[in-house]
Structure formats: structure tokens, C-alpha cells
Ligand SMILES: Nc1nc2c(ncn2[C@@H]2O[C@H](COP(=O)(O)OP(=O)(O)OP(=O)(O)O)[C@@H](O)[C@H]2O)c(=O)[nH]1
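Next up: just one chain, as C-alpha cells, the form predicted on its own.
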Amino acid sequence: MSSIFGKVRDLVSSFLRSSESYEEAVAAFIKELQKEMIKADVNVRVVSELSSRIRERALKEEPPPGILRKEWFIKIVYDELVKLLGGDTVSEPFPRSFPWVVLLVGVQGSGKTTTAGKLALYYKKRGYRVGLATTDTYRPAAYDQLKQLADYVGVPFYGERQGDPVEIAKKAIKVLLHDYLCDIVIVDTAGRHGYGKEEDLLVEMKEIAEAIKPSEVILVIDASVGQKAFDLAKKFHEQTPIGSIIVTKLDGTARGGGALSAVVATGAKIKFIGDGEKLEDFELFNPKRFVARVLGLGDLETLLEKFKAIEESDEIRKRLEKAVTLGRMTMRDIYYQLKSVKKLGPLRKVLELVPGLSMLKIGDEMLKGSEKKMDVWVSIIESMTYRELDNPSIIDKSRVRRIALGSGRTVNEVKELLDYYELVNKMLKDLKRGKLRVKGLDLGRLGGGSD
């Protein structure tokens, strides 16, 4: 996949340097993106759907304040690629219950047997008792290869050179779970191509799954697999639902489009990636980190910081809207505000994030303290107890002295923070009661009204 994303990285750089109008630059970017993805063997339907989503968002969405349209477009591309690769969450790598049986499926040559060894090492290092098994009686070296990997990793192994793969799988589960008391059993299967005369092997895979009832079925995909990956993955998925995907050989010169197509065809997430020949060359897949790296966003520090600020500002906006609704802000809200405000600019800018609050005539004296004493106030809040955070009204003179001592600040500085807290809440209370007339603020929508 590295090759295709390398091309996308070049497109990003060209887009940001382009002197064309925004609409023309977007059209050119999408056209080139389509060409590169098709050349990289991404399924045509996948390319069409991805480019349509990017185009629609790019032409309809308005960027947040402080973000240029071209910068926002890169965020859109980033979001859509992350979504394509499984979303913004990292898969949970650890078993949800015991015993945990993993069935590995995939075509011959995908690196499935080596992946079984890598997965065994990954779990063993984390304290699990792991067992390896093979049901592959078609490839002569399959038994020996997995046996050697099991010996290297130091885990029990079960397999037979001849016989019915379904029965071998059942015996393997019994031996590894009951005799060796394994927590996790990883079952390797014969390579399958999913078409022609090998339809019988797909049926066999389904029969194995029905016999051992695996906790998880993982499809192993070679990063270089081509256009057939979409249909291939779909056929696997139809026989036995794919729970997750492992992409192998990411260290090569693979075009990688097939792996993307497999993700879309199965609806499964990429869980692990292998990027080398050693058993240690194996890691949990993080979509956001991966896309940021391959797009070259790691080099665009300012842009990444802006993206992060957008997320921060959205969280603050939600907290402030809730505060307006309730007519009260907690000390925890104040703390989050102070921790984030450095990234977002002056506090007045933060307050402007809430529709309508930008119209309030807030005195500079109210804002002056927070902008100059953010670090001081953060350290003071960190010295408060949970009860004090939730109900600052209980903070009496003795508590003030204790908080000042614990934070290394003065008693007066603690009192200044408490005065600021009271002032903010008075403003919010007056706003809710309708005593503050704010042009453009829909008090009904925000829960306003009389107490």
C-alpha cells in the first residue's frame, strides 16, 4: 500500500502549491487520485465511491474559522481515507473471552503461515499461552514451516501431514486447549484462490469454521494483491464472515490497492500489519496514524496542529453550549478550557465558538486574569479534590490554604480563581434567566428560560 499512498502524498503537495481556483484544484486532485488508485489495483467501485464522497464534502462544507479551504480539503481527504481503512478507532487486539480461537484464511502466497507465527509471538509476549495448528495438507512444506515457527516462538503445535482438514482442526483444538491449556489457538488453513476448481477449498474452509466455531476469522491479504482482491475477499466473506484483516508485505514495492478493496468488500477492519520478514515485524494497525504518515501530514506540522485545534474547539464548544443550557459551568469545565486555550488563542476567541456568545459585551477585566494566569490556575485546580471540583462552594478558608500549599501558589491566587469561577457562573445564570440580551442567541434551543 505504500506505493499508492506515496502517489497520494505527491498529489497533496501539488494541490497545496496549485495556483488554480479552489474548484479547479479539487477537480484536478480527484481526477489524478482516481487514476492513481485504479493503477494501484483498487476496485473501480471503491474508487468511484471514495472520490464522490470527497468531491461532495469539498464543494459543500465550509471550513471552520482560521482554516483555509485548501487546508480543509486535505482534512476531508484524510478523513475519508481513514474511514476507508476502518475508521478512527484502533481494533482491540486482545481476546474478549477464553479460550480464543483464531482461524486464518487467505490465498496461497499471502504470507499466512508466517503471519500465524507473528501473531503467536505477539500474544506470547503479552503473557498469553498460545498454541499453533495447521490444517494444510495440500502444501507439502506447510506442516514443517509452521512447526519450525512454533519451536522458534516457543509455543505448542499440532498438525498432521495427511488426513481430513476438518477432523485435524477439531483434534488440534482439543489437544491445544485441553492438553496444553492454551488461552489462544491460532489455526492456519490451506491457501485458497476462491475461483475455478478451488471452490471446494472454500467449502472446506466453511466446514472447518462450522466444526471449530472460531472466536475470530482473520483474512490475510498480501499488500500486492491485485484487482481480483475485491471479489476474492467477498467470496471468503460469503463462506464465513471475516472479522478482521491482516495486511502483509507492506515493506515491499506493492501497489496495495487490492488490500483496500478487500476492506471494503468485507466491511472488516485492518487489525494488524506486517512490514518485514522477521517475526517481530508486526504491529497493531492505527488508521489515523497510518494515513497521516503516508499522506506526508507528519511533515505539515502547522496543518496538523490546526486539525487538532479543530477537535479541541469542538469539545469546548459542546461544553460551553451545555454550560449555557444549564446556566452553570463546573470547575472541571474551567480546567479543560484553561488546558486547551493555549492552542486555540485568547479566551475571547474560545467564547466566540458558541453561537451568540460572541455578541456578549464581556469586560476585559474578566478575561485578563485567565489569559495571564492560565498556568497558575491549572496548577491550583489540579490541587483540588473531586468534591471541590464538582462543588467549589464548599471551599472555605482552610481549604483555600490547603489548595494554595499543595499547588505552590498564594492564597490570593486561589481566591482570584474562585472569583473568576463565580463571575463566569453569574454571567451564565443571568444569560439563562434572560437578563442578558444576546443578539443571535437562540435561548430556547439552548434550554434558556426562567428558573
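It should be emphasised that the depicted structure is a prediction, and the values quoted were computed from it without experimental measurement. From 1 onward, residues are counted along the sequence shown.
Below: the form predicted together with the named molecule, not depicted.
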In the predicted complex, the residue from E207, D183, D275, E238 with a non-hydrogen atom within 4.5 Å of the named molecule is D275
As a check of understanding, the residue in S110, S224, S244, Q337 with any heavy atom within 4.5 Å of the named molecule in the predicted complex should be identified as S110
* Is the gap between H178 and the named molecule in the predicted complex 4.5 Å or less for some heavy atom pair? -> no
TODO: Tell me, yes or no, whether T114 is in contact with the named molecule in the predicted complex, where a contact means a heavy atom of each within 4.5 Å.
DONE: yes
Quick one: does K249 come within 4.5 Å of the named molecule in the predicted complex, counting heavy atoms only? yes
Closest heavy atom of R139 to the named molecule in the predicted complex, within 4.5 Å or not?
yes
Of the candidate stretches 69-77, 207-215, 319-327, 114-122, the one with residues having heavy atoms within 4.5 Å of the named molecule in the predicted complex is 114-122
Of the residues spanning 378-416, the ones with some heavy atom within 4.5 Å of the named molecule in the predicted complex are none
